[in-house]
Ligand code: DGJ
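Given next, in structure tokens, is a single chain: the form predicted on its own.
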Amino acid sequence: MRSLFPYILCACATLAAQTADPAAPHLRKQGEAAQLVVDGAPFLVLGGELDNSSSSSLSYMDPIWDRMVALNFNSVLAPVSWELIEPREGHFDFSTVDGLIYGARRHGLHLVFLWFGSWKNGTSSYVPEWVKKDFHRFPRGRLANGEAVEVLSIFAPANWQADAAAYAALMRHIRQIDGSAPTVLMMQVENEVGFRNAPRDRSEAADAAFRSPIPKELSDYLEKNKGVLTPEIRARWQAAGAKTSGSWESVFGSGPATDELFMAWYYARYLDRVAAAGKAAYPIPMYVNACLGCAGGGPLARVMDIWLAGAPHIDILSPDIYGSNFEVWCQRYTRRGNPLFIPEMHHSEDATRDMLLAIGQYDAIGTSPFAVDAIENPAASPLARTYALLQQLAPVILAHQGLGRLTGFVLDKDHPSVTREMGGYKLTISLDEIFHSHADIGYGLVAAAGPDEFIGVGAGFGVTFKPKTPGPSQAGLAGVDEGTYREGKWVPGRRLNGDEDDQGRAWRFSPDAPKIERCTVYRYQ
């Protein structure tokens, strides 16, 4: 078996590698926000994820690149599978990886690679054939009746060692051909992991680990962070007596929830070892994604602390948001300082509204609808329209993230208004029913761009202002202009100080189509 000593380094070695490679994409804090830095400047990922198999063929990709450009992307999320880069053990073929990088460069796009290694959607369908066939060396998880399932066991060191070696080789290659002018911005480690077949793996190794004391790293983490643990973990731990030693059932009680915590720890440790190997080779940001409706130990919000404790080399725990409660998921995945990146979501018009909420209110690093290569008439899609506006506003957004000068929102009949304080004013943002069409949906993003200056984008809402700092107590609209940003500079269009803004009583956005407007405010007594 190959030694992983050259690849698996401790956290301090990874940090040293990051320091030694300042040109590599990395995360940095701005106020309360985490930002992705590319070529020395913050970068907002306006991305789309390809269908699972699209990137496995360069000829299949040939016509797709132009579709990605038509959708106004700046980044494409593309799978890279273990079986294609290591068809024989120790023999690597990076031709597809190279072709994807060169294809993205030719079209002015960046890439986020998705590592389909040990698992994709919880199953081991993308592992090489030499791994699939050697089930003695690379064992599977098992059900309570002893039946094996097509899921590599997280309790077998040979499994993560082989995966980590391949992933490290991939990262070394990416650094070699892309490190000087990065096209590849981030890496997704595995895909939607979790043991879906039963509450937990029931192999002999898994049962032995379940009966054993919880790992010291986890008990130390619980004790150190007991005042800030996520509610789900804290409640279960305290209900069992808040012990810091003992078996999993002794510390967390019995039942499926403890099974999930147990599996989450060992999935986190497995993926952390793979990520550590990759970061030792090329330390760019790495994230894992969660199937929100799936149990089994994946990086769900309810087990976030387990993942934070067990996977320190993972930079972001990311939700794949397809269902309802979009804002709730944004809230849950920004707990405990976790940066928000949404690698999968719908590309419907509703989803494009949610993008403004995620970026404006929750400082998202970026968004990425799934299966975007299947969008018909891409240039006319709601996604292309929204990304065109966000491309213009990206410098404004990035300048104000994390500093209390940015907000996003989606309004409807059940939630018709929100209030925000920023730029020295209280903003009341409401569905704009002054319009004769009476908008049922309002959505947008507003930035406090300067003294008494606000930039907004969206549709179907109105804004009124109330001063919150000493001085005259009333606020009026000095001027409202629609316009565009060109190369980062504001270019005004029509002045909208008449009926469009109710004679200066409200800054209004028509429900007909989203647009960008600039509003300046003054105070009077």
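Computed from a prediction, not measured in an experiment: that's the story for all the values here. Sequential numbering from 1, following the sequence displayed.
The following text describes the form predicted in complex with the ligand, which does not appear among the structures shown.
Stretch-level contact check against the ligand in the model of the complex with heavy atoms at 4.5 Å: of 221 to 229, 400 to 408, 96 to 104, 117 to 125, the positive one is 117 to 125. Interface residue remark: Q35 is not counted as part of the site for the ligand in the model of the complex, having no heavy atom within 4.5 Å. A residue is said to contact a partner when one of its heavy atoms sits within 4.5 Å of a partner heavy atom; D315 fails this definition for the ligand in the model of the complex, lying far away. At the 4.5 Å threshold, heavy atoms of N52 reach the ligand in the model of the complex.
Proximity of T367 to the ligand in the model of the complex falls outside the 4.5 Å heavy atom cutoff. For the candidate set F135, F92, W130, Y322, a heavy atom within 4.5 Å of the ligand in the model of the complex is found for exactly one residue, namely Y322. Distance criterion of 4.5 Å from any heavy atom to the ligand in the model of the complex singles out E192 from the list D178, D373, E192, D354. Contact residues in stretch 344 to 366 (any heavy atom within 4.5 Å of the ligand, taken in the model of the complex) are limited to E344.
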